[in-house]
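First comes one chain, alone, set out as structure tokens in the form predicted alone.
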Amino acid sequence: MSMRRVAVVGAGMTRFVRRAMETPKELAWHAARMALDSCGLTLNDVGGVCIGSAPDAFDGVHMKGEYLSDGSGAWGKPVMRSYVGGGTGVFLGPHGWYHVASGLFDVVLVVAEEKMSSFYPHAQAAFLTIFDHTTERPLEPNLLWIFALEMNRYMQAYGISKRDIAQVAVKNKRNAADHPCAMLGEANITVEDVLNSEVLAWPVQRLDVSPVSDGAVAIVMAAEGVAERITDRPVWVQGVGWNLDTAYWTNRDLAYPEYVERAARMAYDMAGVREPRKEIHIVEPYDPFDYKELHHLEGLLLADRGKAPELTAQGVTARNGAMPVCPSGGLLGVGNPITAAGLMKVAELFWQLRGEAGARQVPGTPERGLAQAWGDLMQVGTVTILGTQRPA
């Protein structure tokens, strides 16, 4: 089966906030409308709709895909929801790509929405039953608890300090100060602020973590031959990859995300990328915790194992550095409405590669960017590579 080339031609995003007044449907509608307006299309031009959303419990509804469908523009249209935990937002890249590349639709609307503030007392409780009922649940773990274990393992394996990791939170929150949709942009934050913040589960502290958030993001994807009629600056999907490791996280060495490497290698092969550190010009790795940005850069083969903190310290990953990482401000600065945060990373590449990122625009003329996300029990890896050049 031959596949068609696919491009992103439009994008839209709501503000990420702690408690949105809009319903989940309304958030999805705002993002979808902005994405269509950005490329001069209407719902009449859309063949199918791809929805991404995390557990139904977040929005306080059942059958969330069905609930969101009309707000996402899918009234009377084919619609499909995907869900791979926190990896969902970036997985919407391959999800939408398949729908168009296969020849099924010429244009799809891709929508990610999350309203986590609906969950009371805290959205984290939605995950309490994902742990094995016999070997893990008696220990009463939660996600923060096991991420603290992973952060500890990463620090111990490579001799990394809390100060090394806190620099990521500072970089991303400062970058987010230039993002009009950001929730936690802070131009003057310091490493000391992060190190002195409340301890949640050692070594995780309050400012190491992205916040519970509400928001939505949408992109429009179109087939070759259609995309060029919509815009003279299509941004092409050059590679997609995903990988799912075992949910038994206690059986893996948490110092290195093998599933991220496997997803990245799949995407690199498709994109024809042989030397990622030279051929990837912007990176939007998943950063719900500051250590995860470093962890993921290594899994993406963009840094040697245990060496990503040095890139941050040397300014390589700064917005004006040799390899800008999270120029958007990432989840740590913009916010973390789970699936919307992942698709925000794909949208950020679209805006950066078109030179439309405003005050957060990276210097030069980047030609290729990579978005990555991670989810569930630290075992889902999803990657989308976009570029200005049409794939071969």
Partner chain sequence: MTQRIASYPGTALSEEDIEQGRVLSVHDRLRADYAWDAGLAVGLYLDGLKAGVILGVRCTRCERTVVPPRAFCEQCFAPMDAFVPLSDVGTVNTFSLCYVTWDVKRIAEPLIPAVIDLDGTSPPAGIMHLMGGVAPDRVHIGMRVRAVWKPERARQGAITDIRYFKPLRRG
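Positions refer to the first chain, counted from 1. No experiment lies behind these values; they were computed from the predicted model shown.
The next section is about a form of this same protein that is not shown, the form predicted in complex with the partner chain.
Heavy atoms within 4.5 Å of the partner chain in the predicted complex map, among the stretches 46 to 54, 363 to 371, 319 to 327, 33 to 41, onto 33 to 41 alone. Using a 4.5 Å heavy atom cutoff, N152, R206 and G358 all lie near the partner chain in the predicted complex. Shown without its partner, this chain lists L104, L128, A313, L244 as candidates; in the predicted complex, only L128 has a non-hydrogen atom within 4.5 angstroms of the partner chain. At least one heavy atom of P138 is located within 4.5 Å of the partner chain in the predicted complex. The closest heavy atom approach of Q379 to the partner chain in the predicted complex falls outside 4.5 Å. Contact annotation for V283: none of its heavy atoms lies within 4.5 Å of the partner chain in the predicted complex. The partner chain is not shown here, and in the predicted complex it never comes within 4.5 Å of any heavy atom of A187. Along 170 to 186, these residues reach a heavy atom to within 4.5 Å of the partner chain in the predicted complex: H179, P180, C181.
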